[in-house]
Ligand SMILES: NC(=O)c1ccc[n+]([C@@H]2O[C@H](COP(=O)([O-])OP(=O)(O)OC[C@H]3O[C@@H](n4cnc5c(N)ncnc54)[C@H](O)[C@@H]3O)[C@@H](O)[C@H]2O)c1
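Take a look at this single chain in C-alpha cells; it is the form predicted alone.
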Amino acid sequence: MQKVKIGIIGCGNISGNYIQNYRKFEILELAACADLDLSRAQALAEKSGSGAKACSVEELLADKSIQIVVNLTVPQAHTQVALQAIAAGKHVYSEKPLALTREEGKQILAAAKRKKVRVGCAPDTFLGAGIQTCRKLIDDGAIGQIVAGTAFMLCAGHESWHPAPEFYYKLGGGPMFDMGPYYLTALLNLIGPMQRISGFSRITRPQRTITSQPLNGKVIDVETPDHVAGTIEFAGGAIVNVAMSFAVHGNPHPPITLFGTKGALAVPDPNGFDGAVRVRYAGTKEWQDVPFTHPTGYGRSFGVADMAHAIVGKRPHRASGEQAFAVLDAMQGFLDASDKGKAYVIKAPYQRAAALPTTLAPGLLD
C-alpha cells in the first residue's frame, strides 16, 4: 500500500490519543513531531515508537516528504499553523475548532483552494461505529422522518482535571467551541444541513480556580460564555434543543436523542467512537440495543487516515474543512443569536459526507 507521511505540530495533551491510534491505519506513516517546546516533541516521537524525528515547526514544514500536517496546537494557534502548513504546500488536518472566527475559517479555506491542498478538521468521532450505525438506521428509514431531538453536554468544567485548562475559558473555548463540535458534527451527519439557530448564553462564573496539577490554585478569568443553550431548525424540518455547559453539576441527560415518526434513537456520546446504539420503535415500551454495522476499535486519527485515503484515491474526504466551517458558523450562530436577541440564519453551505461502507476491512477505508 502507498503510505502517506504525516507530521504532528503541537505535542500537548491530545497528541497522545493520535499517537495511540494512527497505527491502526495501514496508510499512515508518522514522520515527524514538532512543538515550540522541543522536549515535548522528543517525548512524543519516542512514545510513538515509529522512528519519527523530533524537530522545530520550521523543519517539519520544510520536509518535502510530509504530505499532511496534523495541527494539534491550542485553538488560539489553529489558524496561524494551518496557514503556515498551507503556504508550505501541505494538506492540513486540525484539531477542533477549525478557527476562532468565521473570518479566520474563510481565510484557511480560501488559502487551501489557492494552493490546491486539502483542509480537514476534527472531530472524526462521527466516523466511528456508533454514529455510523445511527446514520445507517436513519438513512434506511428505521425511525422515519426526524421530527425533534435533544443534544446535551452538561458538566462543571475542565479545571479539575486538565493540566493546562486556561485556554478553555478564552475566545475559542467554552463549552460550545470545545464540546459543541462533537455534537454539531454528529447532528449534521445524521440529519443534514441546519437552517436557523436561536441561542442564549452567559458567563456563570467570571473566575475559576484550577485544582489540577501542576497549576493548582491559579485563578483564571473566564472570557467566553460557560453556559450556552438554544434550538436548531434543520433544513429538513427537524427541531433539536441544544445545551452546552461548563457550569452545572449532576447531568442526568443522554448525549443525543433523536425522535422520528416511527421511533426514537439514542445516539452514543459523540466524543467517542463505539458507544452503544439503542432504538425504541413506535408502539413498543422497551429500548433495544442495535448491533454495530461498522468495525469498532478505532480512535483519533480516523479523520487523518480518511484524508490520506482520499488523497491517494482522489475522492472527497469526510472530516472536511467545509464541514468544520459549517460547525464553526453554527457555534458562532448560537452566540450571535444570544447577543442580538434574534435567530441566526445559517449561511454556510453544507452537504453530508458520504457514509462509510459497511464492508471495509480492518485498517482500510477504501
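So that there is no doubt, residue numbering starts at 1 and follows the sequence shown. Note that the coordinates shown come from a computational prediction; the quantities given were computed from them, not determined experimentally.
There is also a form predicted in complex with the named molecule; it is not shown, and the following applies to it.
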The named molecule: the contacting residue among R102, R196, K136, H162 in the model of the complex [heavy atom, 4.5 Å]: H162
Using a 4.5 Å cut on heavy atoms, which of F167, F200, Y281, F152 is close to the named molecule in the model of the complex? F167
Does H78 reach the named molecule in the model of the complex if we count a contact as any heavy atom within 4.5 Å? yes
Is it the case that I311, even though its partner is missing from this view, gets within 4.5 Å of the named molecule in the model of the complex, heavy atoms only? no
Exercise: A348 in contact with the named molecule in the model of the complex, heavy atom 4.5 Å: no
Contact test in the model of the complex: T73 vs the named molecule, heavy atoms, 4.5 Å: yes
In the model of the complex, does every one of K90, D124 and A319 come within 4.5 Å of the named molecule, counting any heavy atom? no
To test your reading of this chain, name the stretch in 103-111, 249-257, 174-182, 141-149 whose heavy atoms come within 4.5 Å of the named molecule in the model of the complex. 174-182
Which of the residues spanning 227-265 lie within 4.5 Å of the named molecule in the model of the complex, based on heavy atoms? none
